[in-house]
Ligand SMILES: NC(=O)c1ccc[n+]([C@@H]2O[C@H](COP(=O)([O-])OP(=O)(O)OC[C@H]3O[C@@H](n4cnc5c(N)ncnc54)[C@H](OP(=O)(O)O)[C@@H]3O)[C@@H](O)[C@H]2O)c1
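Take a look at this one chain, the form predicted on its own, written out in structure tokens.
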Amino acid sequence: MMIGCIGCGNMGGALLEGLLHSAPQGSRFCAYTRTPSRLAHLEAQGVLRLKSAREVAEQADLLLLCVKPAQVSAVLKDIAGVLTAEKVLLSVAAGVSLASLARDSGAVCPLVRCMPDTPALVGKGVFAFAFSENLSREQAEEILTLFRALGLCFELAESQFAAFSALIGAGPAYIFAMMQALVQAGVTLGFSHDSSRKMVQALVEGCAVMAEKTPVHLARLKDNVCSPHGLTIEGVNVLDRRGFSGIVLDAVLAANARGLAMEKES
């Protein structure tokens, strides 16, 4: 199998590098990006750098489209003439529907819509997948198997993609904002920035592992930290009075509304 990638920025490059290690033995790789320097380390690992998106589309069996959403239509119209029914086109462009991909590609090959999140860059991603009707179940399972080496994979109805993007695709921004606030609080309390950041990173990682391995409600885990007349309950009371849960909920719903609007625009 030849796996090709058009667009090798942060996400495209990370997916391609991850697949280098998870693809079946004997798989080959090719790519095109407008900034050749981004491909240098991947070339050293055996990725063939080609001169155009069209060349990648000609050679690839599985074609990863990792350009920005605004560029998808133009790229697809450029490569449509070399797509065939034997190829599979996988897009990670947010807000670009399967119907839009089919329209601009000429509807000649099976399509996959994939929504990753940025922790995929470190092999800890969460992925949503939606498949076109002309993609076989066997092909779908092969793609899911490839990506499971890069993180957790969910097969969703396409109607759920805006919600997934708002909750998980955008989720790292919410988490990093919280982490930044905690680091700032640590510095305010007298810790160095470096120490504060290391503490917060370990805190978040530990809580994630604890939530995964402890089969109780998250509210119970929160309550377990709050001793009567203790300092934690005072902090939690402030979060509750300021509407912390409601703020997070509103952020996700706002992102979801924008995602739905983007799909209508595509």
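Keep in mind the model is a prediction, meaning the values are calculated, not measured. Residue positions are given as counts along the sequence shown, with the first one as 1.
Although not depicted, the form predicted together with the ligand is the subject of the following passage.
Here the chain stands by itself, but in the model of the complex one stretch of 195 to 203, 224 to 232, 40 to 48, 62 to 70, 62 to 70, has heavy atoms within 4.5 Å of the ligand. Remark: Gly4 does not count among the residues lining the ligand in the model of the complex, judged by a heavy atom distance of 4.5 Å or less. Of the heavy atoms in Gly18, none are within 4.5 Å of the ligand in the model of the complex. Although the partner is absent here, Met11 is a contact residue: one of its heavy atoms lies within 4.5 angstroms of the ligand in the model of the complex. Mapping the unseen interface onto this chain, Ser97 falls outside it, with no heavy atom inside 4.5 Å of the ligand in the model of the complex.
Contact annotation: of the candidates Ala162, Leu150, Met115, Val112, the single residue with a non-hydrogen atom within 4.5 angstroms of the ligand in the model of the complex is Met115. With contact defined as any non-hydrogen atom lying within 4.5 angstroms of the ligand in the model of the complex, the contacting residues in 85 to 113 are Val92, Ala93, Ala94, given in sequence order.
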